[in-house]
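Quick heads-up: it's one chain on its own, the form predicted alone, in structure tokens.
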């Protein structure tokens, strides 16, 4: 069988040996110096000013929205747009925080929200925020989306959990909005088993994220920031400051194991992404040669960090034919993320309005994906290619 991902880590033997050595020599495993160093290294890799590490990508999504509420940059009831093709924990916090979720359709040609589908939604709904998902390593025209959001005063957020390393000609995915979230779950580009990150260039948002990640206190801020917060609230005692809580928060802290693994895997991220791109380009030839399958548009993408191999049939009724081939060949497959998230049970329970999402419905009905492990062998790539021939 060709699984979605073959190993927990890229270069797994090296990663596990390094982890064993780390465990043997360490005397602290709660969040500390390894987490801070990974935050620094990851932010530098991504090209952002700050990184804030979490125990999961879902926690990163949750804390990002909480921080925006704490700062008053979003308020309860705010209309928050989101990609209709997305993951559950992108949308659930919108209900949990009392926002008004507004789905934005995704294009079957791009697998994502585009400036056109966003423009279509803005004709009938004003948005205060757009939480976009860069799906499966692909993106829409994020530069145009960024410009639209800036013109309309919309806060742009990116869930880049599935597109770490993808670069547009106009910039790196995850760098077009106020902040972006990442996931380091085992099936993702960079695995820390569980883990997540938020990147931003905003000093104010960064400080609130650090406070909101851990109990609402200031102990993970630098001394200058701590002094500002304590002066603002009249906290003069170092003793009392230990248990002073400034705003709404959680305990979403990672462990030192997360930080160590993140740094180890980050050493290989360029090779990992190069492999993913080569694998996709080899398999893409079958899409180009087969008129029963759609070829995803990617001319706006300079570097494709393919999370998976998305398959969208030209007609929905063809999906069973190609699914059967993959299953028979022993290639593990999945639905196209959560499909049209607005058709999921939790969404129907809490949503108050339905929208026409024809593009996302088509992706859901005509699409699926298989894994794109960076350590696929040439023989395994040929098996996948064979499944896609007409």
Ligand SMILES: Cc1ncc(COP(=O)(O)O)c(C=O)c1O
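Residue numbers count along the first chain shown, from 1. Just so we're clear, the structure is a prediction, and the values are computed from it rather than from any experiment.
Below: the form predicted in complex with the named molecule, not depicted.
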TODO: May I ask you to choose, among 215, 264, 226, 89, the residue with a heavy atom within 4.5 Å of the named molecule in the predicted bound form?
DONE: 89
Open item on the list: Which residue, 183, 305, 83, 139, is the contact with the named molecule in the predicted bound form, using a 4.5 Å heavy atom cutoff?
Closed with: 183
Task: Segment that reaches the named molecule in the predicted bound form - one of 154-162, 112-120, 267-275, 140-148, heavy atoms within 4.5 Å - done: 154-162
TODO: Flag residue 188 as yes or no: does it have a non-hydrogen atom within 4.5 angstroms of any non-hydrogen atom of the named molecule in the predicted bound form?
DONE: yes
Task: is_contact(residue 195, the named molecule) in the predicted bound form, heavy atom dist at most 4.5 Å - done: yes
TODO: Classify residue 41 as contacting or not contacting the named molecule in the predicted bound form by the rule of any non-hydrogen atom within 4.5 angstroms, answering yes or no.
DONE: no
Open item on the list: If we define contact as a non-hydrogen atom of the residue within 4.5 angstroms of the partner, is residue 70 a contact of the named molecule in the predicted bound form?
Closed with: no
Task: Heavy atom contacts to the named molecule in the predicted bound form at 4.5 Å, residues of 40-61 in sequence order - done: 56, 57, 58, 61
